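In structure tokens, the next block holds one chain alone, the form predicted alone.
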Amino acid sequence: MEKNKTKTIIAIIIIGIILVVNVMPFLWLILTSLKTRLDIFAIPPKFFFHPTAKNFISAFTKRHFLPMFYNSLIISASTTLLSLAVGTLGAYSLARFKLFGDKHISFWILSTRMFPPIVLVIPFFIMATRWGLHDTRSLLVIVYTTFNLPFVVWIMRSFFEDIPSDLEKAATVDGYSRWDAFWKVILPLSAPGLVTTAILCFIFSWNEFLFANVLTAAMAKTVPVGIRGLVTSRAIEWGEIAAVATLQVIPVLAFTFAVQKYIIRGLTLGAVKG
């Protein structure tokens, strides 16, 4: 009994340390966004101060971050939907059909994800300039989808392989076509995997900086690129950076909390198998 109590106390202490390490940076970010410049650089650091919304107001009135948030949201949502639509069908094909050289196809798809993004920036820039796509949201959607597809295919393939194919055969016996069996039986069962993959795709697109920095100028500029603009040779606007970064986290957190039950099911799918 005493031994179990000691283990419980140690577990609570470890969990507390993990929470502090992970939560403290985000908490400090929020506090910084609410401070004046004097409070930000105060020594010792201030935990209690008069909060101000000046940094948030300045970010949207002087720095014009609203269009950037709009661009980030449209690009991330479009990329996630397109990646899931194409990648899910590809993953289902690899999981269910015997294709010539399917193992090589799977490895080739995965190998495209191994390229360092910096290697592909210049070719994308040249093609975008020649085709008149530079500084457009469509270009970033295409580029991000290209990088997300191997990721979606490999994750969703494992989910489809875990779903018994007998369910589809039973559906076809009941009069369903192959497409109806996929749409009405298999896809709902793979919902946890779809949601988990969607979140990861959205986070990648939402936070991506390198391609957005090179392939956009003004019209399609995203939030990470806008934050980089707050670091100048004259000063670093820490208050505005913290304010925008705080707002940038909110959509991802809201989306994640809204679908958290699917995430848990998605991450634990297959864990109970022997």
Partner chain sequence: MSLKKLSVFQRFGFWISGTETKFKWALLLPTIILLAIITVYPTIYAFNLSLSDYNLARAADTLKGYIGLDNFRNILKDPTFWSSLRTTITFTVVVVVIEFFLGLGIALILQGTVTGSRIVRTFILLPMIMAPIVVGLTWTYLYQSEFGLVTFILRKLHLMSYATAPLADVTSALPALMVVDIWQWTPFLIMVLLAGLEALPTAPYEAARIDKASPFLVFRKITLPLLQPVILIVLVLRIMDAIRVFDIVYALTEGGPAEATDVLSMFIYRNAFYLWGIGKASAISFILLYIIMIVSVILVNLLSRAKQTV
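Just so it is clear, the model here is predicted, and its values are computed rather than measured. Positions refer to the first chain, counted from 1. Between two forms, the rigid core is the largest collection of C-alphas that superpose within 1.5 Å.
Omitted from view is the form predicted in complex with its partner chain, to which the following refers.
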- Counting only heavy atoms and a 4.5 Å cut-off, does its partner chain in the model of the complex sit next to every one of Phe41, Pro123 and Thr146? yes
- Partner contact for Pro117 in the model of the complex: its partner chain, 4.5 angstroms, heavy atom: yes
- Query: Taking heavy atoms only, is Trp28 within 4.5 angstroms of its partner chain in the model of the complex?
  - Reply: yes
- Task: Using a 4.5 Å heavy atom cut-off, state whether Ala170 contacts its partner chain in the model of the complex.
- Result: no
- Is there a heavy atom of Phe69 no more than 4.5 Å from a heavy atom of its partner chain in the model of the complex? no
- Message: Just to make sure I understand: among 190-214, which residues lie within 4.5 Å of its partner chain in the model of the complex, judging by heavy atoms?
- Response: Ile203, Asn207, Phe209, Leu210, Asn213, Val214
- Message: Superposing on the rigid core, I want to see if Ala53 changes position between the shown form and the other one - specifically a Cα shift of 2 Å or more.
- Response: no
- Message: Using the rigid core as the reference frame, would you say Ala218 shifts its C-alpha by 2 Å or more between the shown form and the other one?
- Response: no
- Item | After fitting the core, Leu66 CA displacement of 2 Å or more between the shown form and the other one | no
